[in-house]
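Quick setup: the structure tokens below cover two forms of a single protein chain, split into structure 1 and structure 2.
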Structure 1
Amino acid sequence: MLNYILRRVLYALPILVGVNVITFVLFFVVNTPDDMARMQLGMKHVTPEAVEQWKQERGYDRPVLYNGAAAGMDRFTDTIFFDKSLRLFVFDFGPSDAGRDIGHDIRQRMWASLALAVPIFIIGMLTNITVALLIALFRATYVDVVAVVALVVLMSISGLFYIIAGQYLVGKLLHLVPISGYDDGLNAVKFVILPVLIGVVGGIGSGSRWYRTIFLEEIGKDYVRTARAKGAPEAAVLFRHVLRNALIPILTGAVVVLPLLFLGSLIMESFFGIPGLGSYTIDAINTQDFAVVRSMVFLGSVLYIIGLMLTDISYTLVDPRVRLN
């Protein structure tokens, strides 16, 4: 097992290098740091001195790949590529363009993101499985047809609508919970309820539809026929046999998003004023803080690759037929 995990980690390295090169090309080759400086300082009336100073303060004034002026190893280390891109590999994010320590910000904001993303994930999944099971119970009847159409309608509604309508209805009309904001510790609960509710409702359409297909596929298999043949009641067939077997694809499919929960939800967090990593990213995009966006791209990729590894490992754990190779 350990051997396998080690091999997967080694396999992940070239992918991270690829991600790094892509972001580097995007951020430093397509546009030069001069362009970025002018953009940040306002396009029209920028003196060359101001541009130089902006670059120097943020360390963008060095050569991109090779520093001929430096001596020894510094020729390669005293460059933008080394300082801004390679350091990401040891999770040294450096300062943001606004001068804050990105690593510190991330560690601090991570918890708010988790407080929102984890309940949405768990409650959403339980809800979707329940709805899908209920529909599967009524398969090939009118209930099934109507339910599937209802799910299609639900998934055709824009996610923004769920947020705006939910915020208006629950927060403003009924005054049940605050519209936006956040607090530490247990006080966070009352701020998180509404976004969690909206996240769960918004996910029912596509989620339940997807699980329903999995259930129906499972119901068509031989062991289900055997269970029925020996006289098991329908509910027992569904809950004891189908649900357990269907959980394998459902859970292994969900593992890949687990690490990404850290990143939070961009839209949700910014609408509800939750100071997590999602709103951090949005703020960075709006203020054009390229250093933060770059760090988040790298972090997101790392988390996704971890998710892929966890998926493969979970396959081998739940299904002994899958070999470690």
Structure 2
Amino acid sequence: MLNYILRRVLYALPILVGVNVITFVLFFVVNTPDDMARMQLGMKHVTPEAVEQWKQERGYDRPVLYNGAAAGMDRFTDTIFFDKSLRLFVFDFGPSDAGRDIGHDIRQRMWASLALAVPIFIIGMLTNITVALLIALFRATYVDVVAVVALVVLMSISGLFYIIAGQYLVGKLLHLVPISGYDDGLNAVKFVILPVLIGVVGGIGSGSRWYRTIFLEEIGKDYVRTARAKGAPEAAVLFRHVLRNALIPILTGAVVVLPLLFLGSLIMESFFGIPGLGSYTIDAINTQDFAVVRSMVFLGSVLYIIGLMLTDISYTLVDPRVRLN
């Protein structure tokens, strides 16, 4: 197990370097350091001196990837990429282009993201599995046909529709919960109820249909026919045997996203005014704060790799035939 984890960490290093290179190239193809300076200074007719001073203070006065004017290894080390990227691998995110401490912002905002993402994940997964099992119980009947049609309809509706309709009906007409905003502690509950409800409802279509496919595939296997031949009730076959043996594909989709819950939801947080990492990233993109964008992309890559490792490790817990060498 330890050897496997070490190998995956070594494999992850070139991936993270590649992600950083691509992020730098894509960002600086669209924006130049001069554009970033003018955006941060907030003036249309800013002087060239002010632009140069801003670039020098933040280290954007050097070449991006390769410094042809330098000698030796300085050609690669005296660059924006080397200066800004090396510290990321020890999770030192440094200051944003606006002067704020990115690490402090992440630690402050991650709790709002988790308060929204974790309930959506847990409630949504339990709801989708339950709905899928019930549909599988009534497979090949009119209930199955109607349910599949309903799931396809739910999948076809844009997520923005759920957000706008939920805000209008629950928040504006019924006045049950606030439309937007956030507060600390238990006061945050009233602000996350609506987005959690919308997140769960919006994911029922795709989630339940996917789980239904998994369960129907398991139902056709030999061990299910053997259980039926021994006289096991259909409900017991589904909930005791099929659900247990479907854990591996379920874990594939569930465990891999666990670390990514930390990053929150870009759209949901922006629409509901929740100060999480999703809205933090959107604000950084709008203001062309490359330091924040770079840090969030790197953090997302690290968390995704961790999710893949956790998925492989979880296989050994549900299937004794799987061993990691």
Partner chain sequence: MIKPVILWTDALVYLLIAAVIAFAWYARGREHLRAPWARVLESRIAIVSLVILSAYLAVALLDSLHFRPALEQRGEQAQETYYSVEVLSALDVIARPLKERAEKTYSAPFATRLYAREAMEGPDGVTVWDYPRLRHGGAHLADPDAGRAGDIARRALGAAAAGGALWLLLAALVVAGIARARAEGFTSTLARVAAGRTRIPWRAGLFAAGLLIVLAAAAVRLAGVYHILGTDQVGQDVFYQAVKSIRTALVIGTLTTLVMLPFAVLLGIMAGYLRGWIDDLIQYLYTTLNSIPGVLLIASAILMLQVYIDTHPELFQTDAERADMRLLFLCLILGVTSWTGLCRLLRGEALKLREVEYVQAAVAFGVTRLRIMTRHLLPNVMHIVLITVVLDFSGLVLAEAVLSYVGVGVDPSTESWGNMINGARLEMAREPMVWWSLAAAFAFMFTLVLAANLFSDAVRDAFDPRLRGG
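Along the sequence of structure 1, residues get numbers from 1 upward. Here the rigid core means the biggest group of C-alpha atoms that line up within 1.5 Å when the two forms are laid on top of each other. In this text the structure is predicted, and so the values were computed from the model without any measurement.
Where the criterion is the form predicted in complex with the partner chain, structure 1 meets it and its counterpart does not.
Fitting the two forms on the rigid core leaves the C-alpha of residue 36 displaced by at least 2 angstroms between structure 1 and structure 2.
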